[in-house]
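The form predicted on its own is given below as one chain in structure tokens.
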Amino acid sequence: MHPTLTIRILGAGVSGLAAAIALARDGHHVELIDESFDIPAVGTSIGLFGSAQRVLEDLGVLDAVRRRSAAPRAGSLRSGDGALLATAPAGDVLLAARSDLVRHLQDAVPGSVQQVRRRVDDVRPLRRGADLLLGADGVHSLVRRSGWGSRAAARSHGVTVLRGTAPLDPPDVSETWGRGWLFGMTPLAGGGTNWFACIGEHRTGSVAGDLAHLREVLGGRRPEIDAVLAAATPEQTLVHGIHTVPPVVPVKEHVALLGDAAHAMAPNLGHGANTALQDVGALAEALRAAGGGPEQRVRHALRSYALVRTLPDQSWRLASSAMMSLAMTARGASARDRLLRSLGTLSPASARAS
């Protein structure tokens, strides 16, 4: 029988919560640390593909997530003037509100997990007395900066993202690529629209001002976009940038990175949450398979985790950045649109849900 490990997790987002569930159910002593344990206030959607759904099934929350998700059959990619460029079958994707996913994961955390609400400014004390420290603390991860140095700091893509929900049903699942901008819309379970937009870096200092600027940039492009933006409100809109991190091997001594802390990526392929959940599944499986005493077990498990997850995670990171560059191109938009028309149908993995 394997020895029980003491595991600390910094960050109670999707990857941190999922890791707490999986590792506590395997009998480990788990401490989950977060400054707020907040559920996102705006229920924007994320896409959950088959690989992530299998992890959620293992965690016992897939049925609850599926009941609160939309499952579109297909979507379309359109040019800035609304012309159809390509269609994309949705495959097995579920569109779930991030707020619902976090809530279901919070509800599934076993009572044996010690949940600690506090701000952490120095991770060194977290390493003491723990067999394993997991950094699930996002794109600006303190764990990554502490262990991997300043070269691993997050880098901005130089764009502004606005995303939110609106109380009207989308006419279709679509993403529109203009010259230096994009706009997408997907259905929300139970009715309503999840929408997302990306433009060149521009912040006014208020969400209302940022929405007004977005309406100026995209107004009159497509009636469907105008309708969504007319219904959008500052209270149900988020504004942020897009950051990525340099490639890193996500393990060092008895520390491992999960999700955005390891491989923050542009959202343009919709695999941020999927890769985060796959990280959790791979780490839990590696710990189950590793033998020996605590130190040896952690060392073997982290080596296996790094071998299994580094390449696919970094591949998604690079591909997402490439897709964002293609979507946001201005000079080459006409050539891009001609190429996409020639393809006609895209693979399900190309359907994005931010």
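Start at 1 and count along the sequence shown; that's the residue number. Not measured: the values here are computed from a predicted model.
What comes next is about the form predicted together with a small molecule, which is not displayed.
message = So the small molecule isn't shown here. In the model of the complex, which residue out of L77, V255, A273, V93 has a non-hydrogen atom within 4.5 Å of it?
response = In short, A273.
query = Within 4.5 Å of the small molecule in the model of the complex, heavy atoms considered, which of V65, A52, I46, L59?
reply = That would be I46.
ask   = Want to guess which of 166-174, 207-215, 148-156, 273-281 is within 4.5 Å of the small molecule in the model of the complex, heavy atoms only?
value = Stretch with heavy atoms near the partner: 273-281.
ask   = Does V14 reach the small molecule in the model of the complex if we count a contact as any heavy atom within 4.5 Å?
value = Yes, contact at 4.5 Å.
query = Would R119 count as a contact of the small molecule in the model of the complex, using a 4.5 angstroms cut-off between non-hydrogen atoms?
reply = Within the cut-off, so yes.
key: the small molecule contact in the model of the complex: G259, any heavy atom under 4.5 Å   = Heavy-atom contact with the small molecule at 4.5 Å: present for G259.
ask   = Do L142 and the small molecule share at least one heavy atom pair within 4.5 Å in the model of the complex?
value = So L142 counts as contacting the small molecule.
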